[in-house]
Each structure stands twice: as structure tokens, then as C-alpha cells.
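The C-alpha cells that follow cover one protein chain in two forms, given apart as structure 1 and structure 2.
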Structure 1
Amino acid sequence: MYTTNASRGLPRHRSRHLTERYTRWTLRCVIATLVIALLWLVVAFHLNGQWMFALLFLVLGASLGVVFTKRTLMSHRYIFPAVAGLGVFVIFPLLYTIGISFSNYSSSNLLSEERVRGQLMSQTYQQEGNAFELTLYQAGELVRLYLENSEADTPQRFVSSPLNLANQETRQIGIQAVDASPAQEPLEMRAIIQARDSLQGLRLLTPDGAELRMAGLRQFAPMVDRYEAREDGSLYDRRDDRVLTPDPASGFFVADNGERITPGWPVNVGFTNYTKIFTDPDIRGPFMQIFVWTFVFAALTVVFTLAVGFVLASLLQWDQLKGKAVYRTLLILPYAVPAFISILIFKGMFNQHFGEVNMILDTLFGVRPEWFTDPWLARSMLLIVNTWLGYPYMLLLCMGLIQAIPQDLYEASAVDGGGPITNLFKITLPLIIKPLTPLLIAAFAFNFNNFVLIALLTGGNPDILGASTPAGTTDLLVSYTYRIAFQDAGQNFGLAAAIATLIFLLVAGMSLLNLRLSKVKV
């Protein structure tokens, strides 16, 4: 009997062993596939010159291989996806932004030095006095080009073989010298306009080896390479007779007279962007104004939303109030409506000419405030709208905290003759302010970076006069950074990254304070 049970248990043991082997090998195959895919990304980004992204995926692939192959690191496998996601979507963008802040990366300094050199070397210019007038002649279903230079001492005339101008590809066509123009009637100007894209792709090769390209709507001319590379790395400008020298400090080719030739390439500029924020008067003034307004806006928003939410929460705890459920639902509705819808509705209501707010104020008091053009009124409007959007959150918090207060305290206060005001300042506020503090700091940090409200309601306007960067009186630091990076004509990504880094340090400091307060509370 014992042998039979053993013989019956053996297949189950083998089956479990085989299942574990298949699972282990399947996991290894999946890990190997992921590592190979990451290594392929490393090679792809390296070949495209994106060494930072190549380094990111190299570290990610190496970490994946080490964590999932070493038995001693088995406990880290479960948290590895979260850590990898944190590294890819939080830490790497942060480090990348900090790296950009130490460069002159902008719309004028986007390409690498090699690509800038190649772009300049590809430029051509037209030789003066050698333009040929273009005329088209019909040749069956095809078209023949006729070129004539009548201004030269010895007129030159060339004609092409019949061409299909429906073909817009770049191609080289040989042309032949002739003594006179074709006898037939030329095609109208409309035909040249219709075939302009095809004509721009033609490279006409004369019998003496000169190459003619389209230089105008009715002209072809010999095009000469503008720049000539020299052994020392400089470029000679044939058209303007000058030498362009690469300047590694500024990231531009610089002419003899100091003129910078665009485009340039990114170079390391150290702390220039950071010092510019505090030393350049055209940047320091708007930055400090926006910096102060950002703190004031975030602080007042927290104060106003807390005040409204706390008062309403206290009223909803009143025992004699009927229909509390209905009131709660109505008061929380603004929290359920998407913020961008509410903001756009308020933008229409505050319209200076047709908005309901000004219509009411005009009817009652005879005034029509300029909400979007006066800086102080625009800021007041932002606070009003943001208070409306944020008070339901404070209402929910205060309702939950007030309900957690023991009723015995209020009953004891009533015995001692305490009224509603006494209960408010002696019992309710002291008991809810400590657990509320970390949440208030979190609300402050959120409104510190409240980009959506500014972008949809005012766009940062009205503008700050005299600023060298796009800056508005209602801009927050985050919207100011966005406008520098994406709305400025120069698109100064380096300066925007420096400001973004400062914002990160401020928000990180507030987050650390929040954690410390939460720890003290526990």
C-alpha cells in the first residue's frame, strides 16, 4: 500500500517540477526579450546622437537583467516596475531639464554642430548676370524648356528634350545649345505657375558643365555653393567674401565683424541662465513680480477656499437645518464638473462687454470693470474663480474632520455657557487645524503650479511692459516658464529649464515640509 501511494505521488511531484521549470524558463525568455529590446533602443538612440536616452535605456536594461537574474535580489523584483517607472517618467525628465538649464538650448541652437555645418554647406547662391529667361513650349503631350540669356554680349540659348512635368522628383537634365527660339507659340504664364514644383526639382546641365537651377518664376541661373570648408574648421563665404569661425563658447559660426550666423548648436553655458534670472534687469523685474504673485495667489487661494469650505461645513452640521443631503449635493457639484468647463464658463461671464457679471454691475452700480485688461482686476477674477473651483474640496475635508469631533465637548461647552462662536474658536478650529495642515500645504503646492486656470482664463495677460521675455501680470511661474519655452520668438528652452528647476526646488521643499508635518501628526 505504501509503494502504491509513493508511485501515485511521484507523477504529481514531477508535474509540479516541470511546471516550475517551464515557468522559470518562460520568465527568463520574457526578461531576455525585454533586455534585447532595451539594448536595441540603446543602439538606436546612440546612432541618432541622443546619448542621454541611450544611457537611460542602458541603465534600465542592465538593472532589469541584474534584478531578475540574481536570487539575492528576488525581493526587489516586485517593486522594480514602480522604481523603473519613477526613473523613466520622473527622475530622468528632471535630470534632463536640469541639464538643459546649463545650456543655451533654444530655437536658434537646436541642431548639432555637424548638422549646422552640413546645413550651411548645402546653401547655394545665384551668380550675378548669368540668369536665363524661361519659356515653355508644347511638344506633343510633353513640354520643352527654352532658356535664353539676352543680356550677355553673346546671347546664349538652350533647349531641353521633351519633359514630363508631372514628375516632381529632383533630377538632372541635359540641355543643348541652339541658334534661335522655337518657331511655335510659347505656353502662357499659367503653365509655368502650374509646373513650378516640377521646375524647382530640375537641375539643367549645360554643354560646358554648368548646372542651372530655378532662381525665379521665369528664370534659371547657375547656382554656386556659398560656403567652402577650410582645414582649420572655418567656412569661407564666397558671396560676402568673409570667413566664418566656429565659436564653442556661444555655439554659433561667427563672422569677421562679430555677426552670429544662425542656426547654432547647443553648448554648455554654466550658470548663465540662473544668473540671468537675477542679474538681467529685463528678466529680474518680471520674474520677481511673477514670483511674488505666485506665492500670494497660492496662499490667498488656500485661505479663501478654507474659509468658505469651513463656514459651509459648520452650517451643514447645524442640527436645526433641514434637507442637509440636498445642500451637500448642491455644494459639492462644482467639484464634480470638469475644471476646464467651469473656467471657460466664468471667462464668458466676466467678459467686459457681454458678460453677465458686468451686466449686473452696470445695472446696479453703473460700472463695467475691465476684468481682463486691468492687472488687479484680472488677479481678483482669478482668485474668485479659483475659490469657486476649490472650496468643495475644503468643504469635504472640514465636514469629515468636524464629524470626527466628539459631541461630548460641545455638550460640556453648552453646560459652561459656551455659544457657537466659542465652540468655533475653542473646540472646532483647534481640533481640525492640525490634521488639516498637511492638506493645506498640498493645496498650496497644487495652486503654486495651477497652469490650467491661467492658460484658460487670462493666458497670463495683461502683459508686463518692458519685459524682454513674454511675461504677464497674472502669470504664475509655471505659465511664465511655458511662455518662455513655447511662445517666445526665441524659444529659450535653457532659461525656461532654469526657472523650472527653481520651481521644482520650491515645490520639493514644500513637499518635505508636508511629510515632516504628517510625521509629527502621526
Structure 2
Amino acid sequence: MYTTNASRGLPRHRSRHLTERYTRWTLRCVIATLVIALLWLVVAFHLNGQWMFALLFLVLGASLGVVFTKRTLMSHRYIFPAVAGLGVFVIFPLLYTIGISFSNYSSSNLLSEERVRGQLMSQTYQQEGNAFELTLYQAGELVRLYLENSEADTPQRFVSSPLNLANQETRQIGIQAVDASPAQEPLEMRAIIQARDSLQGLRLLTPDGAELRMAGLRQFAPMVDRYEAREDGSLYDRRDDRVLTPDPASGFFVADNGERITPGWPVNVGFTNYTKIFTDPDIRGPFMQIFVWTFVFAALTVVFTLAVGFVLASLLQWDQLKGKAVYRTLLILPYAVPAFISILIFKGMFNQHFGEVNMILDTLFGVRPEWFTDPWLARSMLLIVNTWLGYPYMLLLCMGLIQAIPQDLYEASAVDGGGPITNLFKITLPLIIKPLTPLLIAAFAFNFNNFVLIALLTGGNPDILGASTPAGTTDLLVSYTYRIAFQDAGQNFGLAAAIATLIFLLVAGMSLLNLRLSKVKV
């Protein structure tokens, strides 16, 4: 253990070697470039109005600059990259998730207010009763558009100059009024269908200044901007003749009758997401059910894997047994095969129709259980698979701990006439359970959040009936939040973040308990 010269304030070691000095200067240049790049990101994010991200990179850039220029922080240079990685990719997302949980960020409230405004302002609608029938006429290599509104009171007819319809760009074309259609055979409907993409890009300007756009397969119609921005920030809806005012509480433009115009923008909604979890019956019901199942799943997994692992470990420690190395290698195979492959193997094996498990059960007992559609069978399947996946870990832990038990104890027990069962429960188990506890808590926490197993095996199915969010009977809390956030059309990030925050609290509790029990020495 020593303190660096620099952090004691002693003079810097100055290398006589030129290459060494060059390295030092290269390092400085790299740091300077990094700081500049980060500051550029800060400005970019700030201009985009994303102050959270701007702040993140400002803190990152500033601390990088400070740590690598202040000589008293010499030791911190060594830990800076790792701490920065932890900060940006673990702690920041954690805080950001907590932040999102107080907003209504979702697929309907995704963009910023300016972007929503821009999107609404670009909306157009077709003026009624003014549609023009479209026909195409060949003009050499090119094609002429002919438009006619024969049903109107004052029929109008227009024709365009010859156009190249291979060009799909959006462009404005002037059209002239004519008295009659061109005196030739029109092109067939097929030609219009083929040229549909380029026709959609055409903006036809009539001599009196109206703009026509494609409104149906054979129709062009005058399109007008639907909304008009007012000075007080509200929008005037030309089509429905009403005023929309931005509502900062809900993040939507709202009409007088209370109707909300999508899309909206994310706003702070306080504890709404949390109160929803505990009061809205369509969310509370599934949430509580999933919550209980998550605990049961994690606890049963730990119990089962520990039971199997402990018994096997005791067997393998028996010095009368030959071929221990072979058994050991075969027994930890489930640990060595990548989990995402073995889980998928089980998914195929438990398949209702052609899975091997049902084939064997069918020949032996004549039953074909529906592993994926019956909630209880699906849950038992998850436990079976997870025990298969998890017992080698317990086996290895127990083997390590059993080795540390002095052999005299078993000698004494044998002298007193104790059998193997007595040894197991009176000597081995009591002696290893104490050092094992923190590891069991870690295993519990891991399985509490065992997302991969659920996602790959059942995907949370079968579904809970009557839930307003995607929720399944085999979902754990993590897979539940994942589905709320990333599955289906809802994408309710705010609600998902609120549930994630609750899990954060649980995990934090578990890890503190773990730290207390294992008495980590730093």
C-alpha cells in the first residue's frame, strides 16, 4: 500500500527517455480530444432540449478533465474509466428510469412538444366536394396527367406538361386549364397503379393557386394545412373549426370538449404511475399476482437447486466413491452449456405436440399435459427447467464449503454410531448454512430478476385475463416491465419505469442485507 509521489505533492518523475515523454504527450492529446468530443455532445444535446443527457455528458467531460489534469488526483486516473463506465451505463440509467417513472412517457407521448407541434402543423386534409378524376395519357416517352371534376357545378379540366413518372421525388408541377380531354386513348388503370409512388409525390398547382395532391387511387384533390398556429400557443383546427389548447398537465393538445389529439409529449405526472399500480384494479390485480409468483418462483428455485446441489455435493465428497471427476464434469454440464441454448432446448422438448417430454409421458401414462397453456403446468415447467439450470451452481458452492469441514467431526459421529443421514443434517448442513446465506440471497436476487428464462421459455404466457397491460401468469416482475415497455402497441414506459423503480428498492434491500451478512472487507 503506497501513495503516489504526485498525490503527496512531490515533484514529478521526469523520464530521460524521449519515447516516454512522447507517450505522455499523446495521452494528453487523447484526453483533450475526448473532452472536446464530450463537450460537443453536451452542446448538441442541449440544443436539442435534452438537458438530462447534456448534464450527463457535462459531468463526464468535466470530471475527465479534472481527474486527468489535477496532479493530486493521480490515483483516481486509474479508476476513472471503470467508474465512468459504471456511472454512465448503470447509475445514470437507474436515475433516468426513476425520472421516467414520474412522467407519462409512452408511445403516445414520445416526442418533445416542439416536434409534436411540427408534426401537427404538417398535417393536411382534403377539401370536400372538390375531387378531380385522374387519367393518364401517353406523350411520347413521357406521360401527361389529365384532371376533371365532372360532378361539380362548374366543371374544371386541367392538363399537365409531359412528366417522367420514374422520378419519385416530391415536386411541384404547374397545370393548365383546358376545355376538353386530349383526343387520344387514355392509358389503362394498370399504368396508374404502377406509377402510384411518383404520383403521390406530385403537388399540382392550378392557375388560381390551389394545390392538388393525390387523395385516392384515381383522385387528386386540393389539400390544405389542417392546423394554424395562434400567437397564444394554441392551434386552430380548420377542418373541424375548433381551437386546440396545449395542456401541460396531460401532455396533449385538447379541444374544448376535452378530446385529446394524439400524438402528445411527455410531461411530469407526479405519482400517477405509482397510484395506478396500487389502485387501478386492472393493473393492481395482475401486478399483485405477478409479485407473489416472483417471490414464490425465486424462493422455490433456491430451495430446489440447493436441495439437489447439497445432496449431490455430499455424495461427491464421500471418499469411498470412485470416478468423482467424471461425475463432477457431467453434473456441471448444464452450467457449461449457454443458458439461451439450453432454455430453447427445453422449449422444444416440452412442446405440446411433438416434444419428447410429452411423447415419453404418452407412452408411459397416456397423458399429454399442455405445458404452455395451463398456468400451473407452465409454472412447474419453469421450476423444473430452472432447477436443471441452477443446481450446478449450488453443487459447486456446497462442494467448496464441505471441503472445509474438518474430517474429525465425521470420525466422532461414526464412533458414536451416526449414519450418513445424521451426518448430513446434524454436521454438514449446520456448518455450511452460515457461509452459504449471503450467496443464497444473491441467488434469490438473481432468480427474482431471471428475465432470460421467462423471455425464452414461456414469454410470460398464458396471459392473465382482464389485464389492461400485457401480463402473463408466468411473468416475473422484470419480464412484466419489459413487456409493458417494449411489447404491443401500448409501450407505456412511464408505468414500466415505476414498476422497475419498485424492483430497484427490493434489490437494494437484498444487496444491503447481503453486504451486511457477508461482512465484506474492503
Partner chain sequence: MAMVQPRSVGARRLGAHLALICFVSLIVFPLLLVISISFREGNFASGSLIPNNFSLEHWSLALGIPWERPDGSIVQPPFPVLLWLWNSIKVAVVSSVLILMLATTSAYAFARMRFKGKEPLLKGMLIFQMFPAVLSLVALYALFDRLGQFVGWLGINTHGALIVASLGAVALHIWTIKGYFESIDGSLEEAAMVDGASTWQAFRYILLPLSIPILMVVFILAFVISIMEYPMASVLLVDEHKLTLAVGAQQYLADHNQRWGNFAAAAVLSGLPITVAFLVCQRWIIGGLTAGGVKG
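Just so we're on the same page, rigid core means the largest C-alpha set that superposes within 1.5 Å between forms. For numbering, take structure 1's sequence and count from 1. All of these numbers come straight from a predicted model, not from anything done at the bench.
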> Which of these two chains, shown alone, is the form predicted on its own?
Replying inline: 1
> Can we say the CA of Leu27 moves by at least 2 Å between the two structures when the core is superposed?
Replying inline: yes
>> Rigid core aligned, does the Cα position of Leu321 differ by 2 Å or more between the two structures?
In response: yes
> When the two forms are laid on each other by their rigid core, does Ser107 show a Cα shift of 2 Å or more between the two structures?
Replying inline: no
> After fitting the core, how far does the CA of Gly49 move between the two structures, in Å?
Replying inline: 2.5
